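Given next, in structure tokens, is a single chain: the form predicted alone.
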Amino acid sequence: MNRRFYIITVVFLLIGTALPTFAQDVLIKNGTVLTVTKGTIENGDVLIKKGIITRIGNNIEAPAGFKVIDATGLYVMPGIIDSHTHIALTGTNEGTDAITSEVKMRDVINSEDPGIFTALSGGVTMVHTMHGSANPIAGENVTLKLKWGKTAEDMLVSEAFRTLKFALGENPKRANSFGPTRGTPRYPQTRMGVIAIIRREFLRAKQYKEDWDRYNQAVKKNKRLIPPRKDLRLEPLVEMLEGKMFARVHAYQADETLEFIALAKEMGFKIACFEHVSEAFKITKELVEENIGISIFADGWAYKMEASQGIAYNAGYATKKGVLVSINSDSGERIRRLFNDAAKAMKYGGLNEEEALRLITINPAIQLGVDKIVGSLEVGKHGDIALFREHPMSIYTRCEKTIVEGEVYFDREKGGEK
């Protein structure tokens, strides 16, 4: 082979392998389209071009080269979003210290985790996968598209809010009972200690920010000044004070939830969502006033003391009171049946089908800051779609196909393979 031709060929191949996979062109035909935000379209079609929804309606003709999916007899809905899970990670807790705000979950994404495929089998297309709850202040979470077979970089959702994990109550207390050296308890050991150490770190972050602000002003006049020492643990807290990151807070009891709200107001950072919060029904007024959402289980309670006052009506009641509610799995198994969990709010809470669907689609999308691209079927949004045999709120239903940006990642007819 000519040496020049060989070099050109190798370069071409290397460039080719580095290029991202192009989004797909597909037409979904004749389904019952549940848009979530704009009603239901019978015998509806959804046209996806280069991964983006370009038309929704009836009798849409497939342009040349488009793949056609016959959805006759199927229900077409937005891909399900799980706003609290731990799949696709090679570790969820950095348990060696109470404060670990410098760690990032994007550094340990496991694109080969079978939990991704399990989630796709239940119509889930996006997850907010999080640090665990061993630390009062933990690490930075990450939002992913479930592109099974692609790289971790392909799955990252850059449009999502940046979020930092916090935990209150029993979990950080229990994790702190024994430090890195077995038998040596570490601070904090009480609920008051958990709040106190979080306040302490934010006070340190405020001082750190002031030092840097003062330096950045002074260095304009004197370029020889030595900057303050970088503190990777305080940097994320400064970003929270600057509104660049938001808190996602593991909590159960109403009293400590209110205490954390007061702390956030005192320090000047934003809470995006409380996780689990089984006593949310007690404080819906305060949650609405502060515009804080909740990401909760559909029907899990009494599995530990601080969950003992949970009720089946939590999601439905809080929704009717105006709280932005999402249903999460916090599980690599339960994630495949979030549609079943959402339906429980119809029985316990009296939500209608659309309100229940919102718990696993547009509501978590809003909580994650991605509602402009996913969460409902609308022109201009990503072609992330799940096809169900029966209505998604039916106990008899199952997911038949799961599509991300126009590409089929789960197909039950093919034994699950795309």
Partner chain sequence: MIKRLLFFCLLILSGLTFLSAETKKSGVIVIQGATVVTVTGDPIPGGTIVIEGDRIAAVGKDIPVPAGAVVLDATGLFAYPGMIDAGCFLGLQEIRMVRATVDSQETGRVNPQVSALEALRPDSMHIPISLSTGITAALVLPSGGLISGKCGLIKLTGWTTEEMTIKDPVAMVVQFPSMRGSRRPSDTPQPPSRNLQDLQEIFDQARYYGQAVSAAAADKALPLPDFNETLQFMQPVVSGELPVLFNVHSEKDILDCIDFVKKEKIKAVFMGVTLGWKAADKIAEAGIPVILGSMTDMPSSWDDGYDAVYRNPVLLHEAGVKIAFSSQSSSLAKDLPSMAGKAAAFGLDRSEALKAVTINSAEILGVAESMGSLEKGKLANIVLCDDDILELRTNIRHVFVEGVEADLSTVYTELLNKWKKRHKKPE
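Residue numbers count along the first chain shown, from 1. Please read all numbers here as calculations on a predicted model, not as lab measurements.
What follows is about the form predicted together with the partner chain, which we do not show.
Participant: In the predicted complex, which of the listed residues (291, 309, 111, 216) lies with a heavy atom within 4.5 Å of the partner chain?
Facilitator: Only one listed residue qualifies here, and that residue is 309.
Participant: Of these, 233, 199, 304, 244, which has a heavy atom no more than 4.5 Å from the partner chain in the predicted complex?
Facilitator: That would be 304.
Participant: Looking at 157 to 165, 99 to 107, 188 to 196, 280 to 288, which one sits within 4.5 Å of the partner chain in the predicted complex if you count heavy atoms only?
Facilitator: Looking at the partner contacts, the answer comes out as 280 to 288.
Participant: Taking heavy atoms and a 4.5 Å cut-off, does residue 151 contact the partner chain in the predicted complex?
Facilitator: So residue 151 does not count as contacting the partner chain.
Participant: With the cut-off set at 4.5 Å between non-hydrogen atoms, does residue 206 touch the partner chain in the predicted complex?
Facilitator: Outside the cut-off, so no.
Participant: Looking in the predicted complex, any heavy atom of residue 67 within 4.5 Å of the partner chain?
Facilitator: No, residue 67 stays farther than 4.5 Å from the partner chain in the predicted complex.
Participant: Could you confirm whether residue 410 comes within 4.5 Å of the partner chain in the predicted complex, counting heavy atoms only?
Facilitator: Yes, residue 410 lies within 4.5 Å of the partner chain in the predicted complex.
Participant: Judged by heavy atom distances of 4.5 Å or less, which residues of 107 to 140 approach the partner chain in the predicted complex?
Facilitator: In sequence order, 114, 117, 118, 121 come within 4.5 Å of the partner.
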